[in-house]
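Below: one protein chain in two forms, given as structure tokens, structure 1 then structure 2.
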Structure 1
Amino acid sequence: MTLRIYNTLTKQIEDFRPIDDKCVTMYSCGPTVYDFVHIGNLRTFMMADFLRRTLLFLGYEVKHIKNITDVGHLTQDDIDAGEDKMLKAAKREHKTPQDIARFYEEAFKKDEEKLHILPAYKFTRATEYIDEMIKLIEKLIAKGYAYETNGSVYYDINKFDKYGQLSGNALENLKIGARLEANPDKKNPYDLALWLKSGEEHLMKWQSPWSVGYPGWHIECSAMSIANLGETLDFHTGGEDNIFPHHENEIAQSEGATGKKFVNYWVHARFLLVDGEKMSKSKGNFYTLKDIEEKGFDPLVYRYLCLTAHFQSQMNFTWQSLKDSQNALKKLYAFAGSVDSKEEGSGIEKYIEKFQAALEDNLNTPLAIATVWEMIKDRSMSDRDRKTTLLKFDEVLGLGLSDIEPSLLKTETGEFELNGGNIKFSITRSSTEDTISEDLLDLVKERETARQAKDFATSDRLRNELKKRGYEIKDTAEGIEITEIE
């Protein structure tokens, strides 16, 4: 089998054919570091991480570049009247733009670390690629795609006949729907800025052949991706809000400059909703990872929640869905923590194949998660083999199942009297209940009575009853071990 993935460019699921059989190139649009990233952004970054981990699982090397936009871009895309987001944040916090950029870059990287997102092969800062941007703009001017006016440089969209191939926003539709304010420097209102001449008040500016100024937003990613990954990439990822205008403009710039196809597979995550509504600060439903932590949830609970929704589907975030994911993750941890891992078991091939097939089927993480639970509930396999298989799955899931946080588990011990002796027991489970229920303990006592009486039929029936309730029971020299598994 091979990976099949939905390609935004062709609007269909396609077989993945790498440029190089061994190493896959992948570029992800990273954050503009003027504020904390929100959980919708983080879902998109996790989608890219699931894709990367899947490629690694399938045996590829992956060269993954993720940009850090530390120049900022205009609040009104490519319109001089807009306010630069970096400068706006600098004024708000009484810091320099550089201080703002470094602070929020580190905050972003910490969030990624908490979510077990693999670090990029290289994080590229836009401010470190100004020379590459200028050279790319010079190429576009030389080839007739761009023009300079009064120190600013614009891309003439009329010159690129494939414009709209990614988003469907064809040039004729832009002309009909153009409501942009007239800009005397532009030939057409929908032409995009490659370089903007700076005013005296602009703090972030560089010398160029045209003026002292700063780059347009879109040219940054074209320059950084080409410089690090070559003129044609295997994958480019981002959120669906990046499709237009950002990624559409990246294609026009990159292909105009190189004459080659820019990206073979475009992969976009759908929007995140909160309680069925678009997330916004004005609605009071704008959340960061810190907000999730302050509610008492481990960040990996959010990672698990994102795994349960397909990247092509809108995901509806609610606090109840996060609580449900917390309970599920605790049960995974309880299973992993209850199995002796001193010796590695054998991977269960049929489940590994099923898990891999789910991933190869357009990165179907919900089906992959369902396979995890199916395998855990399959008592025909040994605990050791099931745990070995689970840890293999976790190479993609990234839930930290080989390094369990003790705070997410609750193990209690006790004993009860039976036939003149004391029987010790321990129970490992999620801590959603404060005490062990009496009916559960009665079942354990009843089964132990049957076992001591060698009434194995009754003992097995009660073991199965405990399984139905989500508990696995094991007899050891130290006593009875009970583990929550569902």
Structure 2
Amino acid sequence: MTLRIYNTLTKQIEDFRPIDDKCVTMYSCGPTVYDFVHIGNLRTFMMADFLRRTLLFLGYEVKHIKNITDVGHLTQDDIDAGEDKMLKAAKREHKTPQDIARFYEEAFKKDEEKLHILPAYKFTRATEYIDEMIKLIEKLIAKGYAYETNGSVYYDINKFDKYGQLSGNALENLKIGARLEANPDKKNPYDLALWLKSGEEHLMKWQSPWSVGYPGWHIECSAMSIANLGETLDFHTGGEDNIFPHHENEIAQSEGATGKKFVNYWVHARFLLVDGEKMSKSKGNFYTLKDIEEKGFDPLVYRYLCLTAHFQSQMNFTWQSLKDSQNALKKLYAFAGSVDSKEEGSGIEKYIEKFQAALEDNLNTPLAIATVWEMIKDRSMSDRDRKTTLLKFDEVLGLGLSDIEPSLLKTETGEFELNGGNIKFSITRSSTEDTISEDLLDLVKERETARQAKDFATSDRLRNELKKRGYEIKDTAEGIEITEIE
């Protein structure tokens, strides 16, 4: 078997054939660091993490680069429409643009850490690659793709025949759809800005052969991926809104400069929605990870939720869906916590194969999650083997199952009297219900009575009865341990 993945470039699910058998190269467009990222952005970054962990699971090494856009000037092509977000944030917070960028970069990395997103091999800051960008632009000018006017440099899109291959936005459509204001410096209104001469108001600017100015947004990613991963890479990821114009322009720039195919597999995550609309900063309908935490959810609950939706479907965010994920995750934690991790079992092949096949089938994480539950519920397998298998799965799931978060589980202790002695017990369960049910305690007592009377047939029957109700029971030197498993 091999990984099959939907490639936005060919609009087909294709077999993955790496450039190098051992080490896969991957580039993910990172955040513009002028504010906290929202959980829609984080869905996209998690999708790249699922892909990366799947590749690791399949035995590849992965060299993963993620950029930090700390040049805030241009998030749109056109200088007039482009809002200087970094500068705006700097004014809002009375800080320099650089302080703003560093602060939100750190906040972003913390969010990623909380979600168990593996850190990139390198987080490349756009401001540290200005030289590479300038060199790339020089190449484009030398090859006739780009031209300079009044200190700014533009890419003449008419010169690149394959423009539109990723997004289907053929040049004709672009011309008709262009609502861009005429810019006298451009040959065509849709030409894309590579370098812009800076006005007085810009605080972040650099010397270049054309002017003191700053780079366009798209050239950042072309320069940083080529500098770190070479002229052709295996994977490039982003959200669906990156397809056009950002990634289309990256292809034009990179392939124009190198003459080589830029990316073999383009993978895009669909949007996270709220009430059926794209979650976005500009609409104000967004939540950050902090909002989720403030409502009492562990960030990993959100990770679980994202695993339950396929990356090619838009996902509607609701608090109820987060609650459902919390319950499911608690059960996984309860199961993992109920089996002594010092005891090493063996992985259950048939489930590992099924789990792997789900991921290899276009990164079908919902099916992989279904397989997790099928395996956990298979009581014909020993606890130890099921736990070992679960921990193997967690290499991709990244839910921290080998390192249980106690915040999600509540352990209560108590004792009851039996035959003149006190029996201690502890119950570990999800804290959704407030009281321990009397029924449950009665069963535990009955079983203990039978056990003390050496009536093992009855005590086994009662143990099974408890299991049916979703509790595992264990006798230890400290007393009886009862753990909720589902």
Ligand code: AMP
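Each form is matched to the other, and the largest set of C-alpha atoms that superpose within 1.5 Å is called the rigid core. Reference numbering: structure 1, starting with residue 1. Because the structure is predicted, anything quoted here is derived from the model rather than measured.
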{"item": "Form predicted together with the named molecule, given as structure number", "value": "2"}
{"item": "Rigid core fit then K281 CA moved by 2 Å or more between structure 1 and structure 2", "value": "yes"}
{"item": "Displaced residue check between structure 1 and structure 2: I473, CA, 2 Å or over, core reference", "value": "yes"}
{"item": "Threshold 2 Å Cα movement between structure 1 and structure 2 for N464, core superposed", "value": "yes"}
{"item": "Core-fitted comparison between structure 1 and structure 2 - CA shift at G420, Å", "value": "8.5"}
